[in-house]
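Only one chain comes next, encoded as structure tokens, the form predicted on its own.
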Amino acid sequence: MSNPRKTACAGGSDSVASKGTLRQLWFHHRFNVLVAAALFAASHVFVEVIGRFSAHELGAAYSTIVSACHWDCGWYLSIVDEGYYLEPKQHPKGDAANWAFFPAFPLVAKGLSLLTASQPALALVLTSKLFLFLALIAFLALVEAELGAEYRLAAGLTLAFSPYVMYAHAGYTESLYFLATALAFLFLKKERWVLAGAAGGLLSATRLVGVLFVLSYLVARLGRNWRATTSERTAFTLGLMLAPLGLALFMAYLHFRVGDALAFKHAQVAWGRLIGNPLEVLVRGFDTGGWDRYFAVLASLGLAMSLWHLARRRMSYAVFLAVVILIPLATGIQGIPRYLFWQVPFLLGIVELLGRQRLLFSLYLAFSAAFSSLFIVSWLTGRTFVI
């Protein structure tokens, strides 16, 4: 027997249903934008208030948002100001070059600087803030697609008040990396292969580990029907070719600029980063104690979250999270929290585990905001453990 509702929607009334669907999609889109805007504003004010407190009570050199542009922000500033060096010339030994820093983020900042006639340092900070806003929108959409609309607010709060949200307000690439990752997984979820590949290409132009999205892309295809149409196979192949394109173009540029396509890797020697066994580095972190033990604990939590995604049959997330932890871990334990709390699969796991547990989520959010406050103060007073 035919369904009377389906029958009523047949023929000319299809257009009415389509219009209703479009209106519904627009409502969801508008809601996500409004929530993201409110959370972004709250995150900005939060950092600004802590910054002003640090300046007034602790003597931190914080007068404007540009004051947060420290450490790696200076390297991105050198790219915006001078482009990529022809030869190393930084650090006491003169062996450091800005080749280690990928081009997507500073290129956007350069464009913003030219468009608004703003100082490069200001453009870098504004660019990272802009990408935080866009990342919030993308993350809300991804969480809605994966977990349901009831998790959206928890997702936004988790990102906007992350313990390491300072990176999104300091002229760093983290917010762009998170945005590109969220879009890549969102399009992967919807089987929009070309768009997923394009987002992956942006990801691989933002940070070296971004190219590892190719693995998630391939894993996602394993669970699909292989009897695809010619157009679907073409779209999948094109997306696969686009995913590593950002890295490929950067390598080509470095080849013609400095004669070394792998200059981004060879430049790591100036920071003492040599590749070792990540598990040995992890064990050594526990043995060393202090901050290293804290970093080792977080790395272990990240790997555990990868296994959790695996148990939930989210192979693409599990593979991506594991490799983007293990590869940085192979070069050292320091900096692991920064990498971990800007990984979409890790925050997605936090949202799913705690998002519907009001008490637990409230406790997590309070801890996250408190730690973030400490981190902001430490950042603005020059404590090097934040690097």
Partner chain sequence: MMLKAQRALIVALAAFYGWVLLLVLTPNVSEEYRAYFIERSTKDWRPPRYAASLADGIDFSRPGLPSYLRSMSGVSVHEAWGRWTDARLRKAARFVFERPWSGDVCIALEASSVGPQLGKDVIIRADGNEIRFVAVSDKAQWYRVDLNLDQPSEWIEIEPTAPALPAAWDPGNTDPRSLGLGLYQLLVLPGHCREVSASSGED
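The structure presented is a predicted model; accordingly, all values stated were derived computationally and were not measured. Positions refer to the first chain, counted from 1.
In what follows, reference is made to the form predicted together with the partner chain, a form of this protein that is not presented.
Listed residue (P244, G285, G302, P120) with a non-hydrogen atom within 4.5 angstroms of the partner chain in the model of the complex: Filtering the options by heavy-atom distance leaves P244.
Just one of R221, R273, K129, K189 has a heavy atom within 4.5 Å of the partner chain in the model of the complex. Which one? Spelling it out, the residue with a heavy atom inside the cut-off is R273.
Quick check on E150: any heavy atom within 4.5 Å of the partner chain in the model of the complex? Answer no; every heavy atom of E150 is more than 4.5 Å from the partner chain in the model of the complex.
With heavy atoms only and a cut-off of 4.5 Å, decide whether N277 touches the partner chain in the model of the complex. Because no heavy atom of N277 falls inside 4.5 Å of the partner chain in the model of the complex, the answer is no.
Contact of P163 with the partner chain in the model of the complex (heavy atom, 4.5 Å): The answer is no: P163 has no heavy atom within 4.5 Å of the partner chain.
Using a 4.5 Å heavy atom cut-off, state whether D72 contacts the partner chain in the model of the complex. Answer no; every heavy atom of D72 is more than 4.5 Å from the partner chain in the model of the complex.
Among 107-115, 259-267, 73-81, 308-316, the region lying within 4.5 Å of the partner chain in the model of the complex by heavy atom distance: Contact criterion met by 259-267 only.
Non-hydrogen atoms within 4.5 angstroms of the partner chain in the model of the complex: do W99, V194 and L249 all have one? The answer is yes: all three residues contact the partner (heavy atom, 4.5 Å cut-off).
Going by the partner chain in the model of the complex, which residues of 90-112 come within 4.5 Å of it through any heavy atom? Counting only heavy atoms within 4.5 Å of the partner chain in the model of the complex, the contacting residues of 90-112 are K93, G94, D95, W99.
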